[in-house]
Each structure stands twice: as C-alpha cells, then as structure tokens.
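Take a look at this single chain in structure tokens; it is the form predicted on its own.
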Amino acid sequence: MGDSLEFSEWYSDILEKAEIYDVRYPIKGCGIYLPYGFKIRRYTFEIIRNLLDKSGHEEVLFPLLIPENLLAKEGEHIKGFEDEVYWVTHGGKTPLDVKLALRPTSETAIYYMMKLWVKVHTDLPIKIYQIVNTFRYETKHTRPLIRLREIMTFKEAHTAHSTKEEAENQIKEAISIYKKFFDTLGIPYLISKRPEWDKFPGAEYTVAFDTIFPDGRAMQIATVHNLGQNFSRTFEIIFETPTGDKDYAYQTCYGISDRVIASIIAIHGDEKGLILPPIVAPIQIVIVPLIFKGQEDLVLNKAKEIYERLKDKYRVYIDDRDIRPGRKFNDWEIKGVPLRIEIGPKDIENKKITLFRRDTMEKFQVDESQLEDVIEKTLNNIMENIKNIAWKKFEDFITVIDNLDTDKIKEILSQRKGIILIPFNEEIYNEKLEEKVEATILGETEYKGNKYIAIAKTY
C-alpha cells in the first residue's frame, strides 16, 4: 500500500467491504457511519471522554447555529474560516434578519457564554468539551473521514484560566491527554509547534500531532492551541483578581476529529483488511462453530457455552451462519476482529480450543481450562504488537538530513515521502521554505533530543 493510488483504492475498498462508512449520500463530503463503523467510533471516543473526565473536564453541548455577528467578532479568527462557512439565510420562506452559520468550530459561541459565566477568579478555571458535528465548505478533494464537509465527530475542548502560567500548564495537560489517547490506539505521532503562518486563527501558537499514512503522506490528527487573551479581550471575559483588580481570562482549546478513525483503519490495516485494536473493536472475539453433519448440536452447544463464559468481559459474537467456514474466516479478517475461536468436534473431544490472531494470522490451540487466561494475554499482546509495528513503520518514514538540500528533499518526498527533518534554523524558517521544497512545513519539533524543522507532503 505504499503507492498513493494503491492506498487510496485500498482505503475506499475497505470502508465498503468492512461496512464502516457509506459515501453514496447525495452531498459531496458527507457520508454515513454504518453500524460497524459507528461502534468503532463510539469505543474510540469513549477513550478520550474518559481521559478528559478524569482530568477535570466537563462535557457540554452548544447549539449548531452561530449568529453572523458573533462569528465575525474576532477578526483574525473569521478570516481563517470565512471561505468555508455554510450559512442559513431563511427560516422557511422568510429571510432572516441575521444570517446563521453552521458552526465551523465553536470558539465564538462558547466564549460568548463564558463572558456570562466568569465574574471573579473563583469562577476559574473552566474546562469544558463537547463532541459534535461541524461544517466546512471544503473545496479541495473530499475524502471519507479525512476531508469532509460535515465533520461528523469533532471533539473540541475549551478552557479559561486566571493566569498565563495556568494556561501554559493546560497546554501541557492537553498534550499529555492526547499522547495517552493515541498510545492507547497504537497510533504513532510527531508533535510539532506549527509555524506562525499556519497556526489556528486567533491563537498565540498551535501545537499539532501528525501521523504518517501508508502512502507516506502526513496526516494532522490533533491540534492544541494557546489562545492567550486574544478571544477574552474580544468577548470581554473579564474577572476580578484576588487583589481586586480586573483581568482578562487566559484561554486554550484543542480538538480531534474523524481523522482518528481514518488513522486506525489506515495505519493498522493490511492487504486482507482491518486490524483493529481490541479496545475499539466492535467484536473482540468471534466464535466460529465448525459444523459436521450429525454433530451440529454438540458443536453449537459448546460454542454457546464458550460465549457465556466470555460475554461479561469481552464483546463476543457467534457466527452460526449457514455458509462455508472459509467465507466466515474471510469476512472476519476483513472486519479486523482481533481474535477468532474455532470449535469443531475434535476440539471438543480433546478439550482443546483453536485460536486465531488477526494481527499475525497465527493459529494455535490451548487447553479449554486455560482459555480465559490465554485470551487476556493474547489480546494484550495483539495490542502491543500492532502498536510496535505501527511505530516501526512510522520511524522508517522519518528521514533526518544534515542541512537544507532542497533537491534531496524534493527527491525523497517525490519517491518515498514521509517526514523529513532538517536542523532548525531561524533564518530559513519562513513561508518561502515551503515554496523551495514544494511541500508543507509542519513546524518545529524535538526528535531524539535535537530541534528540527519538519517537512512533509500532507493530506
């Protein structure tokens, strides 16, 4: 899947065959999460919900519609989104007095309310988040779960603090939360501080997480923004300090989207289909009874017995369809089910259970009495293995160059792509560098103890 066209075809094919996402909705850049894909999405975002809840964030839900005057209040912010906004101009047949935007992001809506909530320093900090859909009129080539006009899953967190130091610490916490999140999913990443010309509109600075897809292109999968007092000054989020003075709140925000789901699919998958991390797999264990004439009840009863033993701890499914076992095996390999149990008359007679690992395609037998222990160890090992494989592939895509050799950079990016790192140099760190290397400057990053400029072809 190293070639861009080859990967693109594989990606589109697997979304359909694994029944994850249907692109046939009659609006460009909009699609449907099918039941299997929706469960992957649900289990994935349960992880980030738990991480945020445990770190003192609280979940909220804001309206989809934002009045035009509110969206336009922060000048720099609206410039970054004005070409991408969908507008509601009528209620029925009646023109609206004020146009309403379908949220491209929620800073302006949330900070309008924060002004009403914050009066004194004891009202701070505020740490809230929501998981919602957002809309952006993408004019580039749309791709399922990667570049959408309706981003169906957008987790945005927003915080407000009484000091600059607290806001800086919140940035560190956000980065730590995202590292735990991606580590849990086995998704490798490079963290970089975006250049000034590519930071979030209205932010003091932006930190981003990038991964690398099998075709060698970098994919932005998370962003963290220090907003300073830019928005609080615009929206007058003012509080009384402990000394009785007035000050503006210091703010941060950070987001992730459906690209996380795309990354799980792309980074762990292989030619046969998905390889899902057990923690997000809709079915963690599939039981396939191997039916022989005259022994149907024996095998099915044993399958049900095994199901009862496992169902309280794992997401288990018995595939008792009346089709050939080979077709069943193929179906579940495409869907990336981490572990398969095969049960036939000989297994029952010998008190053995046959297990199959999707990640290594390895089949082995265990004593029935040891089944629970072996399954727990095997699922943990599967997660560790796919994580290690993903990081190895990621590291293989990193190229360190001693100096700014534009011809060499262009040659590498045209052939194998990946991320190129050159020693950080303030004199060359500007937008003209992007023109010279004909690629995107991801930003400044630390890699193995040294500071570099990261360069890549991106989505």
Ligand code: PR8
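The numbering used is simple: start at 1 and walk along the sequence shown. This one's a predicted model, so the numbers in the text were calculated from it and none came from an experiment.
Only in words, not in the display: the form predicted together with the ligand, which the text now covers.
S.K.: Would you classify residue 259 as touching the ligand in the predicted complex, given a 4.5 Å non-hydrogen atom cut-off?
M.R.: Yes, residue 259 lies within 4.5 Å of the ligand in the predicted complex.
S.K.: Taking 4.5 angstroms as the cut-off for heavy atoms, does residue 255 touch the ligand in the predicted complex?
M.R.: Output for residue 255 is yes: heavy atoms within 4.5 Å of the ligand.
S.K.: If we define contact as a non-hydrogen atom of the residue within 4.5 angstroms of the partner, is residue 73 a contact of the ligand in the predicted complex?
M.R.: Result no; residue 73 lies far from the ligand in the predicted complex.
S.K.: Taking the ligand as it sits in the predicted complex, is residue 138 near enough to touch it, meaning that at least one heavy atom pair lies within 4.5 angstroms?
M.R.: Yes, residue 138 is a contact residue.
S.K.: Given a 4.5 Å cut-off on heavy atoms, tell me which of 234-242, 367-375, 272-280, 104-112 is the interface stretch with the ligand in the predicted complex.
M.R.: Within 4.5 Å of the partner lies stretch 104-112.
S.K.: Quick check on this chain: which one of 222, 174, 185, 218 has a heavy atom within 4.5 Å of the ligand in the predicted complex?
M.R.: Among 222, 174, 185, 218, a heavy atom within 4.5 Å of the ligand in the predicted complex occurs only for 222.
S.K.: Exactly one of 147, 309, 99, 193 has a non-hydrogen atom within 4.5 Å of the ligand in the predicted complex; which residue is it?
M.R.: Filtering the options by heavy-atom distance leaves 147.
S.K.: Pick out the residues of 148-162 whose heavy atoms come within 4.5 Å of the ligand in the predicted complex.
M.R.: Residues within 4.5 Å: 148, 151, 154, 156, 158.
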